[in-house]
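One chain is shown next in structure tokens, namely the form predicted alone.
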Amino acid sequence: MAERPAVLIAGAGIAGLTMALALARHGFRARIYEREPLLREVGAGLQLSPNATRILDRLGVLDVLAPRAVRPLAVELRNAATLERVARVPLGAVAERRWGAPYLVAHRADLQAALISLVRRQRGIELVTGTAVEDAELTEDGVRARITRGWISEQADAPLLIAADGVWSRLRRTASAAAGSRFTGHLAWRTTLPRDKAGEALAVADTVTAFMHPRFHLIAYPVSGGRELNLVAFTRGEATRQAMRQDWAQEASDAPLRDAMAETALLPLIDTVPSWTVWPIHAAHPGAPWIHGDRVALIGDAAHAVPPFAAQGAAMAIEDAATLAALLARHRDNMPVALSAYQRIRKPRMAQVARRGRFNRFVWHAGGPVALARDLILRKRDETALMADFDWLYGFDAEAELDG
């Protein structure tokens, strides 16, 4: 009979894989259940700011990811209509010295591959694919999860279940019957292009560039070792049946994006892109609990999915994993204390990040006199002052904070 795992994890995305590695670092065994029979990561690129990379470095992930990641030199804000640069925040070596860890951009599939390779090296981690955790109930000494493998249903018992099953989490209802997700009214249009096919408008240096406009904003940065350019544009979207589907990767006409980009210098970009993948952006209810009965904990998007306007979705999942694992190690004999502390510590941090995301969207989509005032203020601020605005976010150490 297999040894009973210390922790069950639902989901083998960035949150679940990082959780398993963080637990292993503290001596816990874990079993990950993943619904998909073959592990694949939808989407395109992601930004890994220093608050995330310092944790990934401790887990050994950066050494594996480094050949495929890019260290951008700056974050730039540009006017989408004219391509004029409005502000620049230095990254690269300057940022690493300031915040103690690198700022990276990478393809999601490359990060997931790095995490999986490390998970498979850990004797204390079991990864089971083609198997889903459908629901769970509390027992006297832990939790009992209902597992399905195709048409076969079985049970698994453990002291703790961690739900890392994303924004459409099936396990969120164990913490709150009313907890669900909602369509935010925004669509993300994603694609990657070979760097040499990106066109003059995107012939930018190794930067993360945000092109701002009242009707949309576009984020561009290199991935896959710099050979490709990741593009993601955000527009308003109607609550259509398609938008309400629980499916990230959807094909759709690019007419709404063309309409939003009309009369901007980015419109020619549309003709260079063979197709866009549309992601309806959903969010979790911000007031829902993240723990249930001291035996179930939600992490990542399962707990707190928000629109990605602060580029912190992956980073917050990574911080969650490091924090929860450290607390479980600190309170090995008192799991309720560990889970209660996890929720108490992480919720204010996540609320602050969500506020930053809402602020970014307001700034990037400003128009008229507000946009003129925005540009005037940003041009007057020097780069050091702009970097200081991110100290609370990028300089944060989720594990050191527990001792603060």
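Each residue number is its position in the shown sequence, starting from 1. Since the model is a prediction, treat every value here as computed from it, not as a measurement.
Form predicted together with a small molecule: not shown, discussed below.
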* Is the small molecule in the model of the complex near all of Gln47, Thr131 and Ala164, within 4.5 Å of a heavy atom of each? -> yes
* Asked: According to a 4.5 angstroms non-hydrogen atom cut-off, is Asp301 in contact with the small molecule in the model of the complex?
  -> yes
* Would Ala12 show up as a contact with the small molecule in the model of the complex if we use heavy atoms at 4.5 Å? -> yes
* Looking at the partner-bound form in the model of the complex, is Gln312 within 4.5 Å of the small molecule by any heavy atom? -> yes
* To do: State yes or no: in the model of the complex, is some non-hydrogen atom of Ala188 no more than 4.5 angstroms from a non-hydrogen atom of the small molecule?
  => yes
* Structure fact -> Note: exactly one of Arg349, Arg374, Arg29, Arg35 sits with a heavy atom within 4.5 Å of the small molecule in the model of the complex, namely Arg35
* To do: Have a look at Trp290, Phe211, Trp99, Phe234 for me and say which one sits with a heavy atom within 4.5 Å of the small molecule in the model of the complex.
  => Phe234
* Asked: Want to guess which of 153 to 161, 301 to 309, 85 to 93, 268 to 276 is within 4.5 Å of the small molecule in the model of the complex, heavy atoms only?
  -> 301 to 309
